[in-house]
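Listed next as structure tokens is one chain, alone, in the form predicted on its own.
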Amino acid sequence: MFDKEKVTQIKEAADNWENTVIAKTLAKAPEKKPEFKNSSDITVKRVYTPADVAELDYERDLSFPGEYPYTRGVQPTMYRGKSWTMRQYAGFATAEESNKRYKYLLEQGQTGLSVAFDLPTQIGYDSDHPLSEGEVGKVGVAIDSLKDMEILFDGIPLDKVSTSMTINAPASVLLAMYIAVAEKQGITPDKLSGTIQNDILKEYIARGTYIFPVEPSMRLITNIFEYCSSNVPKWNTISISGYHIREAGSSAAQEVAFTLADGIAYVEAAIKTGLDVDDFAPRLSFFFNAHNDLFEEVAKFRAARRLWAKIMKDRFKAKSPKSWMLRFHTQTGGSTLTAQQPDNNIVRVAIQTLAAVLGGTQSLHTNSKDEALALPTEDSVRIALRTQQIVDNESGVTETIDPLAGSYYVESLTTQIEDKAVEYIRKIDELGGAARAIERGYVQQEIQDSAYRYQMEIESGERVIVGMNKFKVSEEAPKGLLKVDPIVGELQVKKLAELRASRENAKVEAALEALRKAAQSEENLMPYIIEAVRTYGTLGEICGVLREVFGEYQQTVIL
């Protein structure tokens, strides 16, 4: 892209500028710190020139939007044709209350639903299980059976809205419930669109809502791949998540590396079962974080797209361009929000929104200002949604595609993040792949080390968090926070008792026994799970059968 002789001249001029102008300036007034580094431990230079991107080849490394390697975006017209899906993550208390919040968000202009489930649901327990006590409806909506799912989506036409469900270990059960609800609305599975997270490897790494050991968990995931490729073709069967890896403390480069390494493991597992890569790869999707370092985040998204395209084309020999595309949802960084001066979080989320959009996201959730304190109120979630709408309609950044392309800094940073990610993936391959690296604690240790460095920077004051370790003010206790009524747990237990008394229990038992036998074989489990759901077998009952057959995962402890 650049004339080599001219690049040499520019480099010499830059060196001269450093040795004269900068040297004199620093003698009079030193910079804020001796070295500037981002979260990926990449040194941020004082200024960037063509010499920093001298090896960049436009056709090889960038190309055009909608063309390999998709650095500039997966769609030819990007947001000029259609805005990203504005998908606010929501769910709390009962299905009735969450249904009201969904309808409110849709009225405010949200274009897709995103379901948050409570902790018992996430780990496959019914609300009346002893371990569920005190947790029902707290961090998401409680879903015990198809009856709850029917209420959750009451009045919401599932063929007209795209739904994302943040569910992993029991993803097969919640997907089965969604399919069954659609059936009751007269909607066939081929009309459904949406995503289940269904990413168990990152649960072992960073989040902890796992149930089963690795092998049967991977079986459930590939069963979903296979079933949906034939029956629910518009459904994204997995959302391979870097979000929680980043929330646990990883750097941006680690987020890319560990997420794509998990993606590699899922592709390998599916191919091993006999699936053709081009039959399922187009429905793989990803889920990334957006933090405050605007340029690092934009470069991260661009690097992830380019690297995944290479992996799918070169490593897995995928032939379909749709298999090469990394499509992703973004959520703004929950761990970046502060309980101190929560209004500052509106500004943080706006920067993170801009990073996601400049980075080419396909859908986006913006966190609310009060989420460091409680579940968001309607007012705060409306501000979060309006942030997306203002960026989309007023900022002008959506009118041209990949506007930061060609920036010496952004292009250099994109390449450096990709290079760091490649090195991590090479190390994980040497350890035997993502699952083996997780079992050995390698990934967890790398994230812990990164999180420790970050926290030390905050505590030393080297990293400024406005309102927390600098620019502090005296504040009153926050008011008007959303609180989930403890009676929610009692209501769910009562609903469960009524369900068990009114359903045809013989049919439930027969469906659960059929599932048990199928789990002991090598059959695809999705048809059996769907049948158990249709009889109003509960989440806990279905997961209980699978627990008996598969056992439970034991965590690797990292000290």
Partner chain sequence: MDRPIRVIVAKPGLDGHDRGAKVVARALRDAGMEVIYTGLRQTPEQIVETAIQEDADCVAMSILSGAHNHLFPKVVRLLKEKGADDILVVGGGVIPEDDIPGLIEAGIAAIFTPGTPTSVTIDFIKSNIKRS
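For clarity, every value in this text was computed on a predicted model and none was experimentally measured. Residue numbers count along the first chain shown, from 1.
Form predicted in complex with its partner chain: not shown, discussed below.
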Tell me, please, which stretch of 398 to 406, 433 to 441, 321 to 329, 451 to 459 lies within 4.5 angstroms of its partner chain in the model of the complex when heavy atoms are compared?
451 to 459
Site check Thr222, Gly263 and Gly274: each within 4.5 Å of its partner chain in the model of the complex by heavy atom:
no
Could you work out which of Lys138, Lys147, Lys310, Lys427 is the residue within 4.5 angstroms of its partner chain in the model of the complex, going by heavy atoms?
Lys138
Just to confirm, with a 4.5 Å cut-off on non-hydrogen atoms, which of Val464, Leu131, Ile390, Ile487 contacts its partner chain in the model of the complex?
Leu131
Classify Leu158 as contacting or not contacting its partner chain in the model of the complex by the rule of any non-hydrogen atom within 4.5 angstroms, answering yes or no.
no
Is the gap between Pro76 and its partner chain in the model of the complex 4.5 Å or less for some heavy atom pair?
no
is_contact(Pro120, its partner chain) in the model of the complex, heavy atom dist at most 4.5 Å
yes
Its partner chain contact at Ser335 in the model of the complex, heavy atom, 4.5 Å:
yes
Within 4.5 Å of its partner chain in the model of the complex, counting any non-hydrogen atom, which residues from 212 to 246 show up?
Arg246
